[in-house]
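The form predicted alone is given below as one chain in structure tokens.
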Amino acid sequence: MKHLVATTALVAASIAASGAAAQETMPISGKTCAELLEQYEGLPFTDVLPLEAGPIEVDGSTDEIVIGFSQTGFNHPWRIAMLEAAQAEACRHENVSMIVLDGNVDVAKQNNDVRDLIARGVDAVLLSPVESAALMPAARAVMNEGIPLIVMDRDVPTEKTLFIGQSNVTMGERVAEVMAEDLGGEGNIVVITGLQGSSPAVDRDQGMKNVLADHPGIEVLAVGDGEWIREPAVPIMEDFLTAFPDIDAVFSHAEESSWGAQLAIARAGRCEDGILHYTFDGSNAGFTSVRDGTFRADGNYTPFIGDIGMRAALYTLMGMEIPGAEEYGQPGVQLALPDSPTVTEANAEEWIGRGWGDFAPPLDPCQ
């Protein structure tokens, strides 16, 4: 049984998923294998690339398999939820362990982290990149070593074994369609993007633009980079409110940005303007904010794909084909996951509890 190994500077750890380790807490998630296996039962895509529980056999051997996971950063609970799904899958296979590295939302660090995983001799790499193009050198390094590379959520425009994700373009379209309908095709909006240069931010923006092309009466007044988190969104929205006396809606790429924008609106004394919020991320807190009227729509973007990434890596190591993988306009192949329904007032109640996260949304400062 592999002992847990942690290096504080890298927030890294090897995870053994059998015996006494089942009762030890896993790095970063802080959950035991028992807790993670219970959580596994509620994951939405366990039927994608299914694997029976038990040891994984590669070339007739059940020797230990080490999977490296380089995450964008663990500064957001969405990212931790993705890790938990991967850890849950590892817990199902007693000879599978993980080394987890925190990119700290730093391109240079994540590139170095991936090279560190290669140096540690991992059997496969799971990668969720900070930025798409900026992680190309790291991705190439993995592929050049002949190590399977599974990219999740944010793509890299270079060769990889498999990219896994939902369509942010169609998700952006669905949320923008709700906004356009609410506005009656007329109005002024501002946009707070995710980290500019990351593929989800690019794709959600493209989805919005696809819809707005059919609604010339909706004007985009300004765009700011919210970096997926709350803090940058507050001053961005404050600047928007100062510059524009007439704002009808905020189209934010992340729930955290929407909550930050709402705080800025309240601080500016603009609650009576009735500015509407349209967002993404799919947390239970976000769905609650939809139900309570803080958000008008939430793009239902699940982080629960880490288990699929883990199974894809194991499939590859076992020499198994990945059903559903297909060419998609970028180097390598893609496993496109189905869209989840956009959550609005009409279906919010049924989705609360089916999203990710067990935290409460912030109090609406305008209520």
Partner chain sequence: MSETTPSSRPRDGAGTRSRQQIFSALIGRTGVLAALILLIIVSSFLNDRFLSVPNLMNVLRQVSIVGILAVGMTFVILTKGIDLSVGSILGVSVVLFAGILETQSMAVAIPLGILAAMALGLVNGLGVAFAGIPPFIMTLGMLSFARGLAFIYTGGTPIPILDEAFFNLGNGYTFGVPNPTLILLGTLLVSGFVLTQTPFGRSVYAIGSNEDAARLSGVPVGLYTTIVYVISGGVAGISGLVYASQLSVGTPIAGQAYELDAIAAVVVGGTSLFGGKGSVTGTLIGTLIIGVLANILNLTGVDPFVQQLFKGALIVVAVFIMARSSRA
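Numbering follows the first chain given and starts at 1. Small disclaimer: the values here were computed from a predicted structure and weren't measured. Rigid core: the largest C-alpha set superposing within 1.5 Å between the two forms.
Just so it is clear, the following notes concern the form predicted in complex with the partner chain, a form of the same protein that is not shown.
*Exactly one of V190, L263, V211, L83 has a non-hydrogen atom within 4.5 Å of the partner chain in the model of the complex; which residue is it?*
Looking at the other structure, the residue within range turns out to be L263.
*Go through R296, R230, R92, R174 and name the one with a heavy atom inside 4.5 Å of the partner chain in the model of the complex.*
If I apply the 4.5 Å criterion carefully, the residue I get is R230.
*asked:* Taking any heavy atom pair closer than or equal to 4.5 Å as contact, tell me whether P157 reaches the partner chain in the model of the complex.
replied: No, P157 stays farther than 4.5 Å from the partner chain in the model of the complex.
*According to a 4.5 angstroms non-hydrogen atom cut-off, is T170 in contact with the partner chain in the model of the complex?*
T170 lies outside the contact set for the partner chain.
_Interface membership of V234, the partner chain in the model of the complex, 4.5 Å heavy atom rule_ = Looking in the model of the complex, residue contacts with the partner chain include V234, since a heavy atom lies within 4.5 Å.
*Would T242 show up as a contact with the partner chain in the model of the complex if we use heavy atoms at 4.5 Å?*
Yes, T242 sits close enough to the partner chain in the model of the complex that at least one of its heavy atoms falls within 4.5 Å.
*What stretch, of 70-78, 137-145, 273-281, 160-168, brings heavy atoms to within 4.5 Å of the partner chain in the model of the complex?*
Only one stretch passes the 4.5 Å heavy-atom test: 70-78.
_Sequence-ordered residues of 249-280 touching the partner chain in the model of the complex, heavy atom within 4.5 Å_ = The stretch 249-280, when checked against the partner chain in the model of the complex, contributes E256, L263, R267 at the 4.5 Å heavy-atom cut-off.
*Is there a C-alpha shift of 2 Å or more at P157 between the shown form and the other one once the rigid core is superposed?*
The answer is no, as the C-alpha of P157 shifts between the shown form and the other one by less than 2 Å after core alignment.
_Superposing on the rigid core, is the Cα displacement of Q196 between the shown form and the other one 2 Å or more?_
Q196 C-alpha, core-superposed: shift of 2 Å or more.
*Fitting the rigid core first, would the Cα of V125 be found 2 Å or more away between the shown form and the other one?*
No, the C-alpha moves less than 2 Å.
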